[in-house]
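Take a look at this single chain, the form predicted on its own, given in structure tokens.
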Amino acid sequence: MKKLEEQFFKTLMILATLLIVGSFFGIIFTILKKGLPAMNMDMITQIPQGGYYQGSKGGVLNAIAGSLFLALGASALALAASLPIVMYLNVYLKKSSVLGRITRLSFDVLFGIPSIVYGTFAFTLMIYFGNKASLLAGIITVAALVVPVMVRTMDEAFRSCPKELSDAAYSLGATRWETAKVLVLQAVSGIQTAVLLAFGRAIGDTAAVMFTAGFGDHIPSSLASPAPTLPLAIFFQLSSPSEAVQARAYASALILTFIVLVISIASRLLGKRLQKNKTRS
């Protein structure tokens, strides 16, 4: 009976793995099949020309730049807000602290809130204060969206650090701040993973930036300028009546996938170098 049960769950795990892997390659195949024919240098070197969404020439350089500006800015802002929170939770608060449990629960709830809620809330504040859609508004909104991702991911990395490490730091006379810096070095691979997850969600989000970052046919020239993004460009291209523009939507999706892939590979290579600082338990 036990062998039958084990075989059943093993088969279930294999099927689930094949389903996920198959879905991944199915998505990649669809993007390559429909996106490669429309891919050319104009897509990545030019901004949309007049009448682009009716079939005119041009590319999505504006959306590529806008996505990178927004994702990098939001990730940096979220990291600056998340790391002190995680350090406080794991170094300055006791594990049995009620405040720590409430804080973690709050971020778990925030993690599950749809991005459209963040976008509409930020849009309401923008209307109240009389602000227009801009790159800065998009960065702040997306940063708020990815902070829960960063906090919970980094928190798990900090909690997995060997307790002996902090005990050794304290026994040598280290302050809490100095101990926190030691734990940061130990959890650097987890911090890297958190930043990567946040960047991936930031660059691929549509709902939050639709209301806050705006859209335009030009590269953002300042934080006050509207910031076009690749997800919104894909949405508008698929909504076009022109089949040529619809095909470019898949090419834009291919560009977005390539950017995330490059960031992932670079992050893993960096993580291997930073892993040398990690103490084995």
Partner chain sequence: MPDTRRLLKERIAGTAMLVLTAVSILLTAAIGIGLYIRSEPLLARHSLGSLLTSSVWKPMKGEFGFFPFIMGTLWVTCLALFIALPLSLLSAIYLSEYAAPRIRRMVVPIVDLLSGIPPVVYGVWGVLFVVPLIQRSAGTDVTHFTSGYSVLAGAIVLAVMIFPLLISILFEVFSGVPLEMKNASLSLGATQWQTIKFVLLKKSAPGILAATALAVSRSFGETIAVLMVCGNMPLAPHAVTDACYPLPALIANNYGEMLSVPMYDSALLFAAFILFVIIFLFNLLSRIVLARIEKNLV
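Positions refer to the first chain, counted from 1. Computed from a prediction, not measured in an experiment: that's the story for all the values here.
Omitted from view is the form predicted together with its partner chain, to which the following refers.
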Using heavy atoms and a 4.5 Å limit, would one call residue 261 a contact residue for its partner chain in the predicted bound form?
-> yes
According to a 4.5 angstroms non-hydrogen atom cut-off, is residue 41 in contact with its partner chain in the predicted bound form?
-> no
Using a 4.5 Å heavy atom cut-off, state whether residue 57 contacts its partner chain in the predicted bound form.
-> no
Using a 4.5 Å heavy atom cut-off, state whether residue 231 contacts its partner chain in the predicted bound form.
-> yes
Per-stretch contact check against its partner chain in the predicted bound form, the hit in 220 to 228, 57 to 65, 43 to 51, 28 to 36 (non-hydrogen atom, 4.5 angstroms) = 28 to 36
Check each residue of 107 to 129 against its partner chain in the predicted bound form and list those with a heavy atom within 4.5 Å, in sequence order.
-> 107, 108, 109, 110, 111, 112, 113, 114, 116, 117, 118, 120, 121, 123, 124, 127
